[in-house]
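Quick setup: the C-alpha cells below cover two forms of a single protein chain, split into structure 1 and structure 2.
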Structure 1
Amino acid sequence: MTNYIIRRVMIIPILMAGISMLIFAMLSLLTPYERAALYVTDIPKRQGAIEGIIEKYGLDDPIYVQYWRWMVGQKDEDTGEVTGGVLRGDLGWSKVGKSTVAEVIARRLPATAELAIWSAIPLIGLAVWMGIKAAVNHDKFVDQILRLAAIAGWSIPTFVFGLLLLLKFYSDLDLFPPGRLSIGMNEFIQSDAFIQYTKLHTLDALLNLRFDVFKDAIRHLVLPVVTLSVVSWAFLLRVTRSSMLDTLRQDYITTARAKGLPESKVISRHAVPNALIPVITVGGLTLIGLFNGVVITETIFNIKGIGSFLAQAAVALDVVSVLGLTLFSSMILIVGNLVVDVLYSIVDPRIRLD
C-alpha cells in the first residue's frame, strides 16, 4: 500500500508542472499590457506607469523566460528581494477581490468547504444506500419509485430547483434563509467573544459551545445542501444501481447463493464491495467538484465561496483571478484523484499490483 501511494504522489509534481504550463500558455495569449495586471494593485496614476511595469517585469521577454519568472518570482536588482512567483504562493492581484488571489482563496474556501462537507453526507450516504436498495429489489415497486425519483432529480436544472426552494421555504415560509449566517450572528462571530478556529461556522460553533450559532448556520445550509444533493444524488444513485445490477449477475454471486449463504451476506460481503469501484469514481469526482466551488448554487444562495467569486471574476473579465482559481482547482483535482486511487486499492487489492 505504501509503495502504491508513493508512486501516485510522485506523479503530482509532473502533473502540476504540465497544468501550470498550460495555464501560462493561456495567459501568454494576452498582450503585455493585459498581463501587467498581475502586478497592478490600483489604477495607474501617472502616464507611462504600465510601460514601466512591462519593462520592470520583462513582460515582453521570450515565453520560456516569462514562465520561469512566473513560477519562481522576480528578483529586484536594487534590493535583491525576490517577489511574486507561483511557487511562493503569489497568484497575482485580484481586481474583484481587491487583494491577492491567494488571500481571496483563503478567505472564501471555508464557505465552499463547509457546503461541500455537509452536502457529502446525504449525497454519498443516501445515494449509495438507495442505489443498492433499488438493485436488490430490481423491477419491484421500490425500484420503480427510486428510478423515477432519480430521473426527476437529474432532469431538474440546479438553478431552477434552487430558486423554487428559495421561493417556497424562504419567501413564503421564512424558514431557511440564504447566506451563511443571519446579520446578528455574523456580527457576533466577528467579535472577541467568539473564536474562529477553522472559519467553518458549524464546527466553530460547536468548539465554542455556542449551539445558537450552530442552529443558525444549519438553517442557512439546508437549502443549498438540498439543492446540491438532489442533482448529484440522483446521478450517483443511478450509477450505484447499474453497477450493483451488473455485479449481481456475476457467476461468483450465483455460487455464493448456491452454497446457501444468507442473502444479506451475499449482498454485503460479495456484491457491495465489487460494485463500489465505479461508485468511488463518480462520488470522488463529484466531491472534488463541490470543493472546487459550485458556481450556480453559491450564487443563488448568496454564499461567498470559491464558486461565486469565480462567477464575479469572469463577469468582470478579471483574467488573473480566473487563472489563479484554475490553478488552485487543478491542484484540488489532482489530490482528489490521488485519494480516489487509494480508495480503489482499499476496495480492490488487485489494483495495488498494477
Structure 2
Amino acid sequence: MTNYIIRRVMIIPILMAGISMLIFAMLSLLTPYERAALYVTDIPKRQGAIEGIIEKYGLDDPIYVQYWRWMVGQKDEDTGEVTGGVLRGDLGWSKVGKSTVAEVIARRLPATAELAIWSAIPLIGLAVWMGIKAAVNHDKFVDQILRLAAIAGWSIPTFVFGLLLLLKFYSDLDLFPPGRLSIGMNEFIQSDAFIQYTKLHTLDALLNLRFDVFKDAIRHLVLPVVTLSVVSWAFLLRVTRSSMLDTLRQDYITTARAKGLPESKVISRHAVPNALIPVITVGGLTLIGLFNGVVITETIFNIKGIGSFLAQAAVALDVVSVLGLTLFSSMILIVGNLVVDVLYSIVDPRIRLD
C-alpha cells in the first residue's frame, strides 16, 4: 500500500517535467521579443532597447539553456534580483490581465473554485445513483431513457446548452441571471460590513451569517453549475451503468441470490460497493472534463474566473498568459489524479499487488 503510493508520487516529477517541456516547446515557437514577457513587465519602446532585453535574458540562447532559465529564473548580475522561474511561481507577465500571471491566477481562482466545487458534489451523487438505476433495470424503459439522456448530454455542446438555459431562465423568465452576484450585493460584499474569508461568495456569506448574500450567490450559480455538470454527468452515468452491469453478471451475485437474500440487499450490499470501484478511476477524468467546461461556462455566464481569462487571453494571442494558465491547471490535474489513484488503491486491494 505505502509502496504503491510512493511509486505513484515518484512518477509525478516525471510527468511535471514532461508537461513543462511541452509547454516550453510551445513557448519556443514565439519570437524572442514575444518571449520577453516571461521576464519583464514593460518592454521599452526606445530604439535598441529590445535587443538589450533579448541579450540580458538570453532569449536567443540554445533552447536547453533557456528552458533551465525559464524553470529556475534569471539572476540579475548587478542587483542580485531574480526574475522569472516557474519553480518560484513566476509564470511571466500577462498583457491581457495587466499584472503577473501568478497574480491573475490568485485573483481569479476563487470564482472558478466555487463553480467547480458546487458542480462536482451534486454531480457525482446524481450520476452514480442514476447509473445504478439504469443497470438494475437493464434494457427496461428507465434504462433506455437514461441511456438516451446520457448520450444527448454527451452530445450537446456546452455553449449551446448554456445559451439555451440563459435564453429560458434569464432572458425569458428572469430567474437566474449571469455573473456571480447582483450589483447591489457586489457593492455590499466589498464594504467593511462583510469580511471575505475565502472569496468563495457562498461560503463567506455563511461565515458572515448573511443569508441574503448566500441566496443571491446561489441564484447566480444554478445555471453555470448545471451547464458545467451536464457533460461529466453523462459520462459518469455511462461508466457507472456499465460497471454495474458487469458486476451483476458475477458469480458471487448469483450466489447471494441463491442463498435467498432479497434483491434489494443483493444490490446494495454486494453489487454497488464493487461496481463503484471503477467509477472512482474515472473521477480523475471527470475532473479533466470540468476543466474543459470551465472555459466555456465562465465565458457564457460572465464569471471572472480562470477559464474566461484563458479564453480572453487566447483570442488576444497573449500566449505567455495562456501557457502559464495551462501549466497551472495541468499541475492541479496531476495532483487531483494522484488523490484519485490513492483512493482507488485503498478501495481496491488488487491494484496494490501489481
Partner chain sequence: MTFGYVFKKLIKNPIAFIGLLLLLGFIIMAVWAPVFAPVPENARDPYMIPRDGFSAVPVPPNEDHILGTTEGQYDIFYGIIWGSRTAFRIGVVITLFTTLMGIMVGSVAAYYGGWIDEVLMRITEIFQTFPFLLTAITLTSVLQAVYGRGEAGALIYSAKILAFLTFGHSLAEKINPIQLTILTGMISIIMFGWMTIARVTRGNILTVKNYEYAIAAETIGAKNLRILFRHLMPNAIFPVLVIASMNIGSYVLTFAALSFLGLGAQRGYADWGQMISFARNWIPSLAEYSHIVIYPGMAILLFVLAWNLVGDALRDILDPRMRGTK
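If you superpose the two forms and keep the largest set of C-alpha atoms that fall within 1.5 Å, you have the rigid core. Since we're looking at a predicted model, the values are computed, not measured. Numbering for residues begins at 1 and runs along the sequence of structure 1.
Q: Between the first and the second structure, which is the form predicted in complex with the partner chain?
A: Answer 2, the form predicted in complex with the partner chain.
Q: Residue 142: after superposing the rigid core, is there a C-alpha shift of 2 Å or more between structure 1 and structure 2?
A: Moves: yes, 2 Å or greater.
Q: 2 Å or more on the CA of residue 219 between structure 1 and structure 2, with the rigid core superposed, yes or no?
A: The answer is no; the displacement is under 2 Å.
Q: With both forms fit on the core, has residue 98 moved 2 Å or more by CA between structure 1 and structure 2?
A: No, shifts by less than 2 Å.
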